[in-house]
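Here you get one chain, nothing else, as structure tokens; it is the form predicted on its own.
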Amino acid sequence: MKALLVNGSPNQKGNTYVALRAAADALEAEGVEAEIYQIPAGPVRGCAACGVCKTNGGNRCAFDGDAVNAILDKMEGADALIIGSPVYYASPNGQLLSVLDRVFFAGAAGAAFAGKPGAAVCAARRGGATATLDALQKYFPISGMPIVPATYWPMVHGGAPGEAIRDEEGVQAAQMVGKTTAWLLKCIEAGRAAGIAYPEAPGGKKVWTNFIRA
């Protein structure tokens, strides 16, 4: 079993990393492989809703050369996803949001996410953490991913890089994200062994509609 942890902060070893590292250590202590993937520096274009990912088999964005397709490739071999972001203006890092919009839009056409646990952690100097977590967690249920619980909102607080390690409650919540992710993965594995599979959409295919009528 493997979990992919995505660091959406431009500060590779900042406070977002503290939260992700705490979750990764807890995963590894439970026997789950954990990979922390750092989103590369540089501009990231937003999703153009061009629909190419719906016609090429899914799991591949038409715009290559940044983190999007790398994450999609890694998710094919991962069983869970944990996203980490700093808080910018009471919201996740804009670069990360552009990546996630394209990742989940393309991934919805394939089987990169359905049935795999998803979790989010964030790092804040002071406020905006719950709004950031709300924004990050919206991606999971619409992609068929069970949301991982914790002991509290999985947020750490700190100003200077690495300072969040002193936020004992926040670090514990991040550790619990790792532990409950491992627990969910083991439950899913046991379910599969018992013949319980992730359910298909009624009728076997996702229905797309809009609300405009002639």
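Just count from 1 along the sequence shown to find any residue number. It should be emphasised that the depicted structure is a prediction, and the values quoted were computed from it without experimental measurement.
The protein also exists as the form predicted together with a small molecule; that form is not presented, and the subsequent description refers to it.
Although the partner is absent here, A112 sits far enough away that none of its heavy atoms falls within 4.5 Å of the small molecule in the predicted complex. Heavy atoms of A123 reach within 4.5 Å of the small molecule in the predicted complex, making it an interface residue.
The shortest heavy atom separation between F140 and the small molecule in the predicted complex exceeds 4.5 Å.
At least one heavy atom of V87 is located within 4.5 Å of the small molecule in the predicted complex.
Between the options G42, G51, G159, G31, the residue in contact with the small molecule in the predicted complex by a heavy atom within 4.5 angstroms is G159. The stretch from 21 to 29, 7 to 15, 201 to 209, 187 to 195 that comes within 4.5 Å of the small molecule in the predicted complex, counting heavy atoms only, is 7 to 15.
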